[in-house]
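The chain below stands alone and is given as structure tokens, in the form predicted alone.
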Amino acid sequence: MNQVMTNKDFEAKQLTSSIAMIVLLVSFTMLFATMLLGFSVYRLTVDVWPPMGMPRIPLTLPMVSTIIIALSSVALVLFESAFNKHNTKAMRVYFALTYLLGLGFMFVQWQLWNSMAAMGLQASGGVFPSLFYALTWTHAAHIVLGLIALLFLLPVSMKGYSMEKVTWVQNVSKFWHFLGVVWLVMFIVMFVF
């Protein structure tokens, strides 16, 4: 009877944790949606794009960022698969790969901000550059949170599969994949069109 109650408690804890993560992601979605809506409204109301006197931001660095974050999501999916198969050795490899790709994404973002500054696009230079910086800084702040969240998987990757850690792996994965999807939308809305 006690074992049944323990399993029910565990399932209730998993459900609560999953719902909390979904609520968190919905709130982040609203934040990014609001910012992207502001960006879109500004873009639709200016006569020319980019605005007069402003250079167009080259696609190279944003595209590299997109490829890196997509690869990190793939690596994390492989980590989850290895976790579910109790393959600790593969978990370590895919955890390290996911983390290094996350750091690589941040490095390319830093290069993007440097290139924007070199083009004369400063955050204080008007609506056009301030929107780019605000969106990319906000996303970068979330990536930093994602890298911190990934560190919670480090002990899991060292010790191997544990029933108690299933929810951790699922929630951290949801958060990381969410950041990848947000970046993809930002890339299309802000840099491609």
Partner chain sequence: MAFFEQHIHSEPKTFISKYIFSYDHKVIGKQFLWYGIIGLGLGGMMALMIRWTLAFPGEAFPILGNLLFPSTGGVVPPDTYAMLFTMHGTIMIFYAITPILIGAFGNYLIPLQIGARDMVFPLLNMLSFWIAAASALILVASLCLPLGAAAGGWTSYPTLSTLIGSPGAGQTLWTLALFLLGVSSTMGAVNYITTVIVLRAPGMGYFDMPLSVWGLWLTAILNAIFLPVLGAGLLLLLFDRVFGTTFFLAGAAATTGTGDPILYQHVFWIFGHPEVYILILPAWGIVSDLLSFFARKPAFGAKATALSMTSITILSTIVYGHHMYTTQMSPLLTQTFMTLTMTISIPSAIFFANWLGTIWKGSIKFDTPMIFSLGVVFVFGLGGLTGLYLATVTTDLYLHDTYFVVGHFHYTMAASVLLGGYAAIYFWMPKMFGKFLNEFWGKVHFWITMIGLNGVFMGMMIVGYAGMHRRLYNPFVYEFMERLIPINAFVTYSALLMGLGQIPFVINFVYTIFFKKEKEPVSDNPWNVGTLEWTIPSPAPVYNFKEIPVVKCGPHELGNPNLPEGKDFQYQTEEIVEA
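By rigid core we mean the largest C-alpha set that fits within 1.5 Å across both forms. Bear in mind that the values here come from a model prediction, so they are computed numbers and not experimental data. Positions refer to the first chain, counted from 1.
Same protein, other form: the form predicted together with its partner chain, not shown, and the subject of what follows.
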Note: exactly one of M30, L59, L44, M158 sits with a heavy atom within 4.5 Å of its partner chain in the predicted bound form, namely M30
The one option of L97, A123, L103, L71 with any heavy atom within 4.5 Å of its partner chain in the predicted bound form is A123
Only one of 162 to 170, 31 to 39, 146 to 154, 63 to 71 sits within 4.5 Å of its partner chain in the predicted bound form by heavy atom distance, namely 31 to 39
Looking in the predicted bound form, any heavy atom of V185 within 4.5 Å of its partner chain? no
Contact label in the predicted bound form: A140 to its partner chain, heavy atom within 4.5 Å: no
Quiz item: in the predicted bound form, does L24 have a heavy atom within 4.5 Å of its partner chain?
Solution: yes
Does each of N87, A90 and M190 have at least one heavy atom within 4.5 Å of its partner chain in the predicted bound form? no
Across 127 to 153, the residues having a non-hydrogen atom within 4.5 Å of its partner chain in the predicted bound form turn out to be V127, S130, L131, A134, W137, T138
ask   = Does Q170 show a Cα shift reaching 2 Å between the shown form and the other one after rigid-core superposition?
value = no
Discussion item. Given a core-based superposition, decide whether the C-alpha of L15 shifts by 2 Å or more between the shown form and the other one.
Written reply: yes
